[in-house]
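Encoded as structure tokens, the following chain is the form predicted on its own, with no partner shown.
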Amino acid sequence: MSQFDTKTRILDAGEHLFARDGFHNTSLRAITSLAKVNLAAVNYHFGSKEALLQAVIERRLLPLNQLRKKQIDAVLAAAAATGAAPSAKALLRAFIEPTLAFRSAGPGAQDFIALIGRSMSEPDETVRNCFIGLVLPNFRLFFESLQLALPQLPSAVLMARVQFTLGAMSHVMCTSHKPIINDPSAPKPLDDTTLIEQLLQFVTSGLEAPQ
């Protein structure tokens, strides 16, 4: 087995177990057993369970951050070229569309979504702090860009509305493939393209609403 394969197996195992059992309830022994490697391999590639957690989150989040930044920068550049304020809806699309598309990013994507979702409700802050530290620069760019798009809104109001937006996005990330209620008569979930458009319509209206 190559070093790349070993490292990937450890990352996959850590991601799955952290999502299923929680960071503190997952032992390195459980990770090495699932990954079919020895403890020395974990120490060699990562050094500690905390460093493994950091690597698990970076593996998924950094490429997503880069894509969102690229798309936000493109919206800002297009607005600057015309001398106009950026479009709030275009900025929301730049941030939300890649995030929702991540759900279909391949094996492990659902484990990662579950891991981050779990971290937001658990009292322990280890995973949450790691995630927030990595996402913060991206979020600041997003928020500052929205301030350019919606200068009439006080910062505190805009921040609250962005929190509502992120809440709606997170809910869609975790539940959109399931009916809201377990009722055979309930409508089937929307396809991904329609779902994204409906979410954008919904959050844009809320974000741009008068105070």
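Computed from a prediction, not measured in an experiment: that's the story for all the values here. Basically, rigid core = biggest C-alpha set you can superpose within 1.5 Å across the two forms. Residues carry their position along the shown sequence, with the first being 1.
Another form exists, predicted in complex with the DNA; not displayed. Remarks below refer to it.
Every member of the trio 6, 38 and 45 reaches the DNA in the model of the complex with some non-hydrogen atom inside 4.5 Å.
With the partner omitted from this view, the residue of 65, 165, 145, 26 that lies near the DNA in the model of the complex is 26 [heavy atom within 4.5 Å]. Contact check for residue 49: a non-hydrogen atom falls within 4.5 Å of the DNA in the model of the complex. Residues within 4.5 angstroms of the DNA in the model of the complex, judged by any non-hydrogen atom, belong to 26-34 and to none of the other stretches in 56-64, 145-153, 166-174, 26-34. In a rigid-core overlay of the protein, residue 197 has its C-alpha displaced by under 2 Å between the shown form and the other one. The Cα position of residue 33 differs by 2 Å or more between the shown form and the other one after fitting on the rigid core.
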